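Only one chain is shown below, in structure tokens, and it's the form predicted alone.
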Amino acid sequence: MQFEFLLEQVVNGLVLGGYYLLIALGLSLIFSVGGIVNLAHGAFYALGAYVFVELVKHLGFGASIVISPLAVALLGILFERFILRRFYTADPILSLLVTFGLAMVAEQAIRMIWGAAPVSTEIPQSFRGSVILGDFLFSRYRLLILAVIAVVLVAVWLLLHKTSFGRVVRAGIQRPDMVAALGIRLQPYMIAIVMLGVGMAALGGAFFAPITTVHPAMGAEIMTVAFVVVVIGGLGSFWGVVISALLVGVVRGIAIHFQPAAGEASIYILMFLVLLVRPRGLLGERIEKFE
């Protein structure tokens, strides 16, 4: 029974890690290409959850889970065009201040529109209950989340490694000077990167809305863990962030199994140990800001 319960915690940790991955991967991509630490990233996660909760009342689960991240991704176009674009070549502290201020504005806007009280929605009927695999019991909805995260991960990897768009983005992360010398401007690619990043964050918010508390400060809460994941994985590394997110989720799940109060502390201890050995993170690369 002890081993079975521990394995369940590991699976739950993988779900939690996938949840972190959706947030942290977009955050890492935006920083790697644009050189901007987007402190407003959590606001798009919260917005995705709230839009989903609103839409699911009228359109059902299937349509809402698709439309809500797409709607937030389209909002990302305005975010990139009117805010981020002004700071690509500016002092990084300016983009930090602006995105921090925007996060605060977004949180208050959510309070004004939906109120300060938490809202909730239910797991769809078709995904309620559990799946029994041998002696193990797994939630159907959590298995669905794992499957969707796996599909998103493969799709993003294919986009970055098997398309001309991805080749330019990866070159821009590693050698922006060479990309500029070839006459390729990275700025237009940032629209797609920002849409992808905030869209994944909104998808995380939408999928986790039925199993977590949806409240105005949820975006600020997830940002701390997202930064821990990015730092552990290493800036500019796709697989670094993937490994880090899953590792953080599993470590937290196992820590909660042995000592529930240690769950939060375990991820910061993990970050300390990784940075002690690898200051750039697990698979971190050297980052340069493009002109």
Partner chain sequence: MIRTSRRTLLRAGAAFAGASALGFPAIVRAQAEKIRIGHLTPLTGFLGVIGSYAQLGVKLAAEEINQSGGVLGKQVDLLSEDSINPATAATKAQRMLEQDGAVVLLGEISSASSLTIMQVAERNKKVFFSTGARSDALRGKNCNKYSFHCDIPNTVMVNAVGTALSQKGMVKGKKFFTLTADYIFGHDLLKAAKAFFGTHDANLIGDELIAIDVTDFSPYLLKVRQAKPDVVCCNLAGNQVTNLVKQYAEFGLPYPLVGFNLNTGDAWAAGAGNLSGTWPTVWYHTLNNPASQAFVAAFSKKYGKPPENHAWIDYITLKLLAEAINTTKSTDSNELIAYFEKQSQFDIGKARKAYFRSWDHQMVQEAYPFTVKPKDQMKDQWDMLVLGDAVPAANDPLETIYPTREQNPCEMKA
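Heads up, when I say rigid core I mean the largest set of C-alphas that superpose within 1.5 Å between the two forms. Positions refer to the first chain, counted from 1. Small disclaimer: the values here were computed from a predicted structure and weren't measured.
One more form of this protein exists, namely the form predicted together with the partner chain; it is left out here, but the text below deals with it.
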Q: Considering the partner chain in the model of the complex, find the one stretch among 91-99, 213-221, 74-82, 195-203 with heavy atoms no farther than 4.5 Å from it.
A: 213-221
Q: Just give me the single entry in I123, V168, V152, A103 that has a non-hydrogen atom within 4.5 angstroms of the partner chain in the model of the complex.
A: I123
(Q) Check E264 for me: does it contact the partner chain in the model of the complex (non-hydrogen atoms, 4.5 angstroms)? (A) yes
Q.
Please determine whether L159 contacts the partner chain in the model of the complex, using a 4.5 Å cut-off between heavy atoms.
A. no
Q: Considering only heavy atoms, tell me if L16 and the partner chain come within 4.5 Å of each other in the model of the complex.
A: yes
Q) Does at least one non-hydrogen atom of H41 fall within 4.5 angstroms of the partner chain in the model of the complex? A) no
Q. What are the residues of 110-131, in order along the chain, with a heavy atom within 4.5 Å of the partner chain in the model of the complex?
A. M112, A116, A117, P118, V119, S120, T121, E122, I123, R128, G129, S130
Q. Is F258 one of the residues whose Cα moves 2 Å or more between the shown form and the other one, with the core superposed?
A. yes
